[in-house]
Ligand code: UDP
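Only one chain is included here, represented as structure tokens and corresponding to the form predicted on its own.
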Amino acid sequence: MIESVEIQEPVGLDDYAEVVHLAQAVHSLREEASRLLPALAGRKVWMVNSTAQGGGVAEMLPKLVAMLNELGVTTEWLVMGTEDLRFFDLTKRLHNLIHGAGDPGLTDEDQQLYAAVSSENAAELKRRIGPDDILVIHDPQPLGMGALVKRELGIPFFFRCHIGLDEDSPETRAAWSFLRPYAELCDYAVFSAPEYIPAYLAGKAGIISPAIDPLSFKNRELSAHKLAGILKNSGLASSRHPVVPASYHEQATRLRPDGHFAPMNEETEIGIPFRPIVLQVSRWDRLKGYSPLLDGFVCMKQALVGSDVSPRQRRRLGNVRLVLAGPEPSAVADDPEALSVLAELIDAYRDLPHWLQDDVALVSLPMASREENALMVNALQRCSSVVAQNSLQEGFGLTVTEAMWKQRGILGSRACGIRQQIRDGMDGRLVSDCENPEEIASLLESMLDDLPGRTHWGQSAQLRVHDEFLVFTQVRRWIETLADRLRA
């Protein structure tokens, strides 16, 4: 059940080169690619992952694949699949274990299931791949199929793992032991941080940071008129004024006190873009720390009652609202936990006092159109005073990178992937204990009251992304990695 993903990227390298602050990066990329291309001549690169939408990997691959092709590295994107839904339950467990969470008791039955689905997909993949091709497998879901193809065809095999944990635990050992027979067959492995590399891959692994596309729908600059149009057309904000583009086919919805999702501003408006907004946008994943962030926000609001603060600060904290946004959960095929995590948040929301329910919005963002979904996220981030990423564990966290690029004030956890990006007090703020509501509340309050600080952190954050985490750097490092390993 392998599907080929057709990529139509309207923005090419010449378009980036016309942007003054991106031109030098494009020039450097082209020079490096021309030097290394002979090592890749006559080869096709196959990028394989487990979903075409939802999550950072699916967002990065279209631009990575398109840019490699434009530079002369023939590349295709494939998505594995199976009709046995138990497989994605298993790989979600592996995902959680690699992040240090869950039951490490993996069984022989789990091994058999993983092997069977891997064999099924490998048989189909072998019919597509040529003897001189290169296979790049993204994350544990398709790792088994990649290893089987490597064993039978002997082609170069790269394992790109986007997740990890910066500590050794029974959970991480169980996951990496489960995957070891497959991961050891790779010629080279790529991780997002050195702390993530399991000991048995230490001699043949390197680092490539994930990256964002600065001209994508999610990250491009938005004029005031464009921003207003997105907010209205997506249902994120209401307005009596007309806008030129038509309304989106599917609009964002907000949880109501009775437990159902309805149009965002059906009864009460959330206040975008007029109120201060604290935003977290991620997949509905327990490791993203939604629940403690909600508890922290509630703690901050409740502490305001009867407290001795200035009138201006009281207005700011009284007006601020929390937006917890994520994809329409049934649209993310490889994440079976999404519905249960969202159900837990719904229960927590319904338990809030009525006056606090008005200050919290659980928002479901439709996934039918990638473009429209990306523009909604872009608009939400740009309308936020603080963008939070309170992850208990985070492989990297592109939502952090996106907010840094937009010069937002960022409240992050100290998960390893977030620490790779945010330097506390320089590019944003990091909470020491992301499960401590009182600490989250205190840091949120201080950030909301510190506009000069948010401005300074945002400027520093954007410069850091420009230098380290844009797609040009990622593509250059991939070409270097592929060429170097093939010549080794």
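If you superpose the two forms and keep the largest set of C-alpha atoms that fall within 1.5 Å, you have the rigid core. Residue positions are given as counts along the sequence shown, with the first one as 1. This structure is a prediction, so every number in the text was calculated from the model and none was measured.
Quick note: we don't show the form predicted in complex with the ligand, though the next part is all about it.
For the residues Ala189, Ile98, Val281, Ile230, the 4.5 Å heavy atom test against the ligand in the model of the complex is passed only by Val281.
A heavy atom within 4.5 Å of the ligand in the model of the complex is found for exactly one of Ser118, Asn390, Thr91, Asn373: Asn373. Only one segment in the set 130-138, 168-176, 296-304, 319-327 has residues whose heavy atoms sit within 4.5 Å of the ligand in the model of the complex; it is 319-327. Of the heavy atoms in Gly164, none are within 4.5 Å of the ligand in the model of the complex.
Residue contact with the ligand in the model of the complex: Glu445 places no heavy atom within 4.5 Å of it. Residue contact with the ligand in the model of the complex: Ala415 places no heavy atom within 4.5 Å of it.
When the ligand is considered in the model of the complex, Pro62 lies well away from it, no heavy atom lying within 4.5 Å. For the stretch 360-390, the set of residues having any non-hydrogen atom within 4.5 angstroms of the ligand in the model of the complex comprises Leu365, Met367, Asn373, Val377, in sequence order.
Relative to the superposed rigid core, Lys92 undergoes a CA displacement of at least 2 Å between this form and the one not shown.
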